[in-house]
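Let's start with one chain on its own, the form predicted alone, as structure tokens.
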Amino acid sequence: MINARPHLERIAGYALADLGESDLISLAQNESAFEASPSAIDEGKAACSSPERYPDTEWSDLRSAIGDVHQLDSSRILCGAGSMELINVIIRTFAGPADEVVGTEYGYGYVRTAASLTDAQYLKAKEIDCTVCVDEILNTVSPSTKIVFVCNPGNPTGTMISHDEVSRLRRTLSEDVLLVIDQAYGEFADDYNDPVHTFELVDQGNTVVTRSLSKAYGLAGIRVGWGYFPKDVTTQMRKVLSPNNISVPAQVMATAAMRDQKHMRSIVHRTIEIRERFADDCRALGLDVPQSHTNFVLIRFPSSEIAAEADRQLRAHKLVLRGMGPYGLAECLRATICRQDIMDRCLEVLKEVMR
């Protein structure tokens, strides 16, 4: 039997949510509560009629649409099979054995997996009240640090730091450290943090901003993400990215969805309305729910035992949330915001648990 490289033998693969039985309603994957743009769905169906051609390796129409919406130089946009692929390729390109990748205590778990795949060391900077702390990141960084990842808004916490703090982090980091700002949930926070300022950091050098069409655009199933990069970073990453990474239907659907900003904003606003009502109702039960800037909320129970009991009772009612034990938050469950009737069902179960 052939053996994998020694460092791969030592790590576990990235684990997705345990959805259990097929008839369970998932509040665990942070998928959109609402359908994607009708124009995106129509374009995708039409694209499936000619599957004999390879996809556009330059993602020309999609990059043009992204550039138009965000007023960005499309030549510095790279697209991936979800932002997960871009995160993986960033680390594969710029970190390896003896290098450090710094994330945060409750940052996106896949970053640790991607760092482990390259045999880089992954370090976690402490968060304060489930919120990224720039000073803790700076205290964690060492001369061996190649990349710093900041998930803003955070996953699984939903919390967010200001642009001023992100900018301070960039100014204070060494120029040879790549700062990656993961904004997979950025559209839910754009009313609070002007995205223009974040993208402007890329012009200052060695900063990357990644985004996803899985959440606010309702396209999790087609796997499209994108990022804005310094030119020298794009040059190196193109050597590692698969040239045919996004299918024809996925490209045309993502392009149409990006062009339909009205529909996307309607998804965001409806999601936020349901989220705020559900969070307030949870707080009224005595549960701790940090202010979220995403399409989910983190629910902190009085103990890990009560969280486990809530999970058991929710599953008994065919509802599954995401357990946070792997993040060191065993007393928490993360709830994706779904339709109002589903959130109401979830709340009724939580009422029984807290009684």
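Counting begins at 1, following the sequence as shown. The model shown is predicted, which means the values in this text are computed figures rather than measured ones.
Separately, the form predicted together with a small molecule exists; it is not shown, and the next lines address it.
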property: Candidate site 163, 199 and 207: all three near the small molecule in the predicted complex by heavy atom within 4.5 Å; result: no
property: Heavy atom contact within 4.5 Å of the small molecule in the predicted complex, the stretch among 228-236, 207-215, 191-199, 121-129; result: 207-215
property: Partner-contacting position among 145, 104, 83, 255 - heavy atom within 4.5 Å of the small molecule in the predicted complex; result: 83
property: Candidate from 78, 178, 267, 87 lying within 4.5 Å of the small molecule in the predicted complex - any heavy atom; result: 87
property: is_contact(residue 184, the small molecule) in the predicted complex, heavy atom dist at most 4.5 Å; result: yes
property: is_contact(residue 223, the small molecule) in the predicted complex, heavy atom dist at most 4.5 Å; result: yes
property: Exercise: residue 278 in contact with the small molecule in the predicted complex, heavy atom 4.5 Å; result: no
property: Non-hydrogen atom contact residue 151 with the small molecule in the predicted complex at 4.5 angstroms; result: yes
